[in-house]
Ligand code: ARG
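Below, in structure tokens: the form predicted alone, a single chain.
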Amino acid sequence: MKNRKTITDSTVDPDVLAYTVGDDPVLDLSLAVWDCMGTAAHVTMLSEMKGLARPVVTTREAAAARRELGRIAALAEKGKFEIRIDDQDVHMAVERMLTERLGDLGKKIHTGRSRNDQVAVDVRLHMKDEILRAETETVTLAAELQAFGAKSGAVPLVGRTHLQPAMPSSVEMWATGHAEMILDQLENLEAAYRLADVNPLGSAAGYGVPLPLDRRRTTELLAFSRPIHNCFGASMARGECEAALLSALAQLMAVLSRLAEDMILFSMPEFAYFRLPREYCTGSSIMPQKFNPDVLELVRSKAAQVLGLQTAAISLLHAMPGGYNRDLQDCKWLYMKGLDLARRTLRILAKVVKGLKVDAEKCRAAFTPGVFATDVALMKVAAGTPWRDAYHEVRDQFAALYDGKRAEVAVMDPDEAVAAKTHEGTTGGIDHRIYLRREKAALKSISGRLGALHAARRALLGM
């Protein structure tokens, strides 16, 4: 084909080529639009470079390249972009397509770049977009839990420690407690976002180039917060970003797994506090009565997988020397798989929570005298008994009951016990405005940054 050349070494054994290329022709499809965006910014900067006897790329050529990059990006969004085995990756596929359409201009776009800083830019742009979308889904799940809690209100629920009945709680407290833990995971995702929101472009292979590249200009065009100052550091930061994101995702998934486990337990017939929506349960091939919480069980499995991906990323990095090493290629699959698992889990859990039902009478019926033991002891304290004396008095009564002996034990009303605790954050002190404010502020921040990122993409690619 006219003007078509690749960097593939024809002397490389085909099996070696396939092994080293790996899954990049598939994985890089997710990066194609971002690669076009990074290339458009780089070409624009090349056309503006000062101090050269002649421009590497003229302003007119840069405009032509951006138009063609926009066309390629549009093909990628429609699923019509192809990465061939001899391309090896998205970067060379884009360069090939530009060269086929624009001739020598397509051969100029790699000036001052390495595939190292190219993929680092692509990954960071992709990660910024994905993290913000994952944050939106995190807020959505938290909002469903908060709404479920508000709707359920002060329905009494046995609070448990060690899975044993412990103290009076409420469905509202349970739901908003999980919501708060999930909202707190935004802090970890934000830390990963800040690491991704810096520009490695212009670092080339990690040592810069003898051209007056304007790294501040590409930072502005790509809507990054700042450039990574040290070119060697920019090269070594590959993999660190991916590992940091996987760490945040692993912690998020651990929290989601605990929510799933609670819903599994509390929907068991032996508890029956909650009823799972049937459309999210599966049946048995032999037992016609079964409605299994398979989706929630798989949340636990997915959490374990994301933890494994994080471990793989850290293990991959821990003994790597400075500078680029091909091991880093495998970080791409790890973080993309982690994102996919986490985002799908967030979305499916939001659906399950939205359809969750409470059996208030089952919740109340689960209260046994022991659940009120601490409350009874504190009532004695309020009447003047020292805490430790009150503790032992109540403990002795319940010890006798446990041993099958008669004992005078106080039995309280579950609803009254729930209403009796009014300090901040307990059963009678849940302030839903706190959750609503946090959700609103998070969504506003996410929307603003997504808007800025996609506005930059539109400006560069005309999309």
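Numbers follow the displayed sequence, beginning with 1. Just so we're clear, the structure is a prediction, and the values are computed from it rather than from any experiment.
Keep in mind that the form predicted in complex with ligand ARG is not shown, yet the notes after this line are about it.
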{"query": "Interface residue in the predicted bound form among Glu137, Asp89, Glu130, Asp214, criterion: non-hydrogen atom within 4.5 angstroms of ligand ARG", "finding": "Asp89"}
{"query": "Of Arg115, Arg71, His126, Arg300, the one that lies within 4.5 Å of ligand ARG in the predicted bound form (heavy atoms)", "finding": "Arg115"}
{"query": "Arg238 within 4.5 Å of ligand ARG in the predicted bound form, heavy atoms", "finding": "yes"}
{"query": "Contact label in the predicted bound form: Tyr324 to ligand ARG, heavy atom within 4.5 Å", "finding": "yes"}
{"query": "Asp24, heavy atom within 4.5 angstroms of ligand ARG in the predicted bound form", "finding": "yes"}
{"query": "is_contact(Gln329, ligand ARG) in the predicted bound form, heavy atom dist at most 4.5 Å", "finding": "yes"}
{"query": "Residue stretch of 173 to 181, 89 to 97, 72 to 80, 188 to 196 approaching ligand ARG in the predicted bound form, non-hydrogen atom distance within 4.5 Å", "finding": "89 to 97"}
{"query": "Residues within 4.5 Å of ligand ARG in the predicted bound form, restricted to 132 to 168 and counted by heavy atom", "finding": "none"}
